[in-house]
Every structure is written in C-alpha cells, then in structure tokens.
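Next up: the same protein chain in two forms, each one alone, written as structure tokens (structure 1, then structure 2).
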Structure 1
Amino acid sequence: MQFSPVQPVRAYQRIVEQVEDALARGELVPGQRLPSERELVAQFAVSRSTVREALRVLESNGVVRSRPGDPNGPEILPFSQVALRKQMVRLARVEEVTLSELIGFRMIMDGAAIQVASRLRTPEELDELEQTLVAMRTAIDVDFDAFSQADLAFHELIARISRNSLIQTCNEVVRGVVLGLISDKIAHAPNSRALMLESLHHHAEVVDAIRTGNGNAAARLARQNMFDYYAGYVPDSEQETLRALIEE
C-alpha cells in the first residue's frame, strides 16, 4: 500500500475551483453575475474575508470584475488571455533570457503567423493589410512612435488573420518586450527615417507574398527582414541560432 504526500487546500482556493468548474461546464457564462459577497458567504459557509480572497484570485485570472456599490454582484467577464499573457510576460522577462532568444522567438512567431495568414486570409483582410501599409507610409513623416504604432497594427492584423490566439498572445508579448529593450536605440538612430522606409519596403514585400498565397516565402522573407533589422543588437556569438531560422 503506497500513500502519497498530501497538500492542504485553502478554503478560498476551493471557492475558485468551484467557480472555474462551473464556467468549464457552461453553468456560468460571461455576462452573468455571481451572487453578492454576503450571499456567497452564506452559500459557501465561510467568512467574508475568505470569499473576498477567492474573488481577488478570480479577478486576477480575468474571470470576474467587482465594482463597489454595483447592486448586481460580481460580473463574469468574457474569457480572455489576460492571465496567460501575464505569465508569458513573466517568462519573457526572466533575467537569464537573452535578447537573441527573444528575437529568435519573435522571428518564429511572426514567421508562423505570416505563414498561416497567407493561407487563411480573405480578400477583405488583404485590403486591411494594404491599409496598414498606407498608414505606415503616412507615419514615416510623423515620428518613430507613430511608425511603431502603425507597425504594431500591421503585425496585430497578421496575427489575427492566423486565427490562432496563442500566436497572437505570444507575438504581442515578445514584440513588446523586445521593443522595450531596444526601442531607445532605434528611435535615436541617426538614419531613423531610412530605417523606417526600408522597413516599409520589407512589409510591402511580405504583403505581396501573402497576396500570392506563398506562405513559406512570406514567412522566410519576414524572418530575413527581422534578422537584418535586429542582428546588430545581438552579440556575434549568439547570431548562429538566428541564422538557423533564415536558412533555405
């Protein structure tokens, strides 16, 4: 007879589990309301502190929202990847993670999004992509921040067209972290305008490949462009892993 180690489970955790189980079974759906805290105290037969601690956890997971004075009780929120995103951010910000790892990961994510988008995109979505190119062209004459915003819109659209929310979330996170690390260097580069123009040209090439539905070519182009753009910020000794992602 073999026993295994036991672990006490806190009362508030039990409440969290019950609520999430009810969500998984469809017995609670977004838009609905939980009972008030005082009602939950009665139903769960615990103190109000315990209920509130459970609600803090659920809130942090993006499951519910509480508003003071709201007479209808805590609201179930639409499902979102807020908490997953938080964990991805924590992963990306681990101290030992290098810039080259982040850039490599971004190349993979962007490349994959573009590859899938090339196959799945509708004509309307292709039009939207063209519009983002126009916006990028306009933003060049404003400033680097405006160009970054337009660039962001381009990549967010690509990720949306890929219809994979994990790609979307990872892409957003790693793009944000990479940009946070080297944004100053890029914005203050002496040839900033030239870089923006070249970047726009590359984006247009990618859109062309997407238009023709050539996923592999589009992904390879995008990865090559990212390598060219970012390799200068990475130590020579770490570029090998990035090169592996652009070979034919």
Structure 2
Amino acid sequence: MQFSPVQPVRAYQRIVEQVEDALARGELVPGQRLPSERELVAQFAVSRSTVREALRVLESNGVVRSRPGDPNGPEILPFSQVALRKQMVRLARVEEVTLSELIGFRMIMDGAAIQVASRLRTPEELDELEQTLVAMRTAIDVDFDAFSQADLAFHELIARISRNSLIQTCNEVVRGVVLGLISDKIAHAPNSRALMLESLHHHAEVVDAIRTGNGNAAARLARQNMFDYYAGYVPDSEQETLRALIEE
C-alpha cells in the first residue's frame, strides 16, 4: 500500500478553520464580536503571534474587522462580494480555477438569468434594457472601460430582473475576475472596436428574444455571445468544453 504525503497544518490555520466553521454553523453571526486577543490566546492555547496571524488571515478574507486600540474583540462582518471576489481571484491566480472554467461558469449563470428574466420582465424593465443598449452604443465611441461599465449595467439589470440576488452576486464577481485577467488584452487589441460592436449586436439580439418571451433562444444567444467574445483567450484544447455549453 502506498500512503500519500502529509501536509503540515499550522496552528493559525486551525484557528481560521474553527472561526469559519462556527460562522457556517450559525454559532457566530455578523455584528457579533470574537473574544479579545488575550482570551483567544487562552482558549486556543497558542501564542499571541499565532492568534494575530489567524486574525490577519480572517481579516484578509473579509470575515472579521479589527480596529487598533479597540478593547473589544474583532467584529464578524456580513457577507460581501468583495470577500468572494478576493477568493475567486486567488483561485484563478494560483491556477486552481482556469480561465475557461470561469468563462464556462459565466455562460451557465448568465444564460440561466436571461432565461428567467425573459419570463419575469415587466414592460418598464424591458425599456431599461433598451436604455442599456443605448449606453453601450454610446460608450463604444469613448473607450473600452466605458463600454465595460455599460456592459456591466446590462448584466446587473438582467440579474435584478431574474429576482435572484445570488445570481446577481455570482455574475458580478465572476465577470469581474474574468475581466481582471484579460481586460487589458481586449482594450489594446487591434480589433477592440470591432469586438465591442459585435458584442453590442449580440446583446441587442438577446433583448429581442427577451421581448418576445423566448427564454431558450435568449439564453442560447447569450452563451454564444460569451463564447465568441472570450474563447480566443483560452487554449484550443479547452474551447470544445465551452462550445458544448452553448446548446445546453
């Protein structure tokens, strides 16, 4: 029998795990305070430096907030997109999650949001979607950053129309991570304007499908648009997996 090597676990990591587990079980809630640093040292039976390292990690992860000189313990923070984004960026940068996986996730989530939005949208929300297309068209003559902001407004509106805050959060976070990895390449591509015009055309097709209530067509168009826009930035060997998602 062959055993696998054992990875050493530092004491501060165990502290981080215990705090995060307590939060997941509901034993800790946002706004609640952890014990003071001195009490944590006694409870965990570790050194002060170990507790401080654990708190530093928890703060970096957006779990707690410490204030210098505060006699109370660190405050448990509510969930935030910033914390989730940090974790996903970290995963992407250490290559535990590939760019193609992030794009694939976006294709699935965005398609689902658009499919639901096509059924739930009101006439007023359809008018709002039309206005986001106008903003995207205007932004093309400004620069890629302006177009990206207008595109973000479009997808945020779709997520809002879907009436699902989790879809909105996931879409916003993953979109930000993807663009953070490749936005510079898109902005400085020789065909950057052509890419923006093509994206605008696809978005208009999606809105047309939403207008008619054809959720399946709208979702498929959205996934195709995303594939066409991003596939060139992933290895050829991974494009087939993304292509399979289009007809999902």
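Here the rigid core means the biggest group of C-alpha atoms that line up within 1.5 Å when the two forms are laid on top of each other. Residue numbering: structure 1 sequence, from 1. Since the structure is predicted, the reported quantities are computational estimates derived from the model, not experimental observations.
- In this pair, the copy labelled structure 2 belongs to the form predicted on its own.
- The rigid-core alignment places the CA of residue 137 less than 2 Å apart between the two structures.
- Annotation: Cα of residue 226 displaced by less than 2 Å between the two structures, core superposition.
- After superposition on the rigid core, the Cα of residue 32 moves by 2 Å or more between the two structures.
- If you overlay the core, the Cα of residue 18 moves by 17.1 Å between the two structures.
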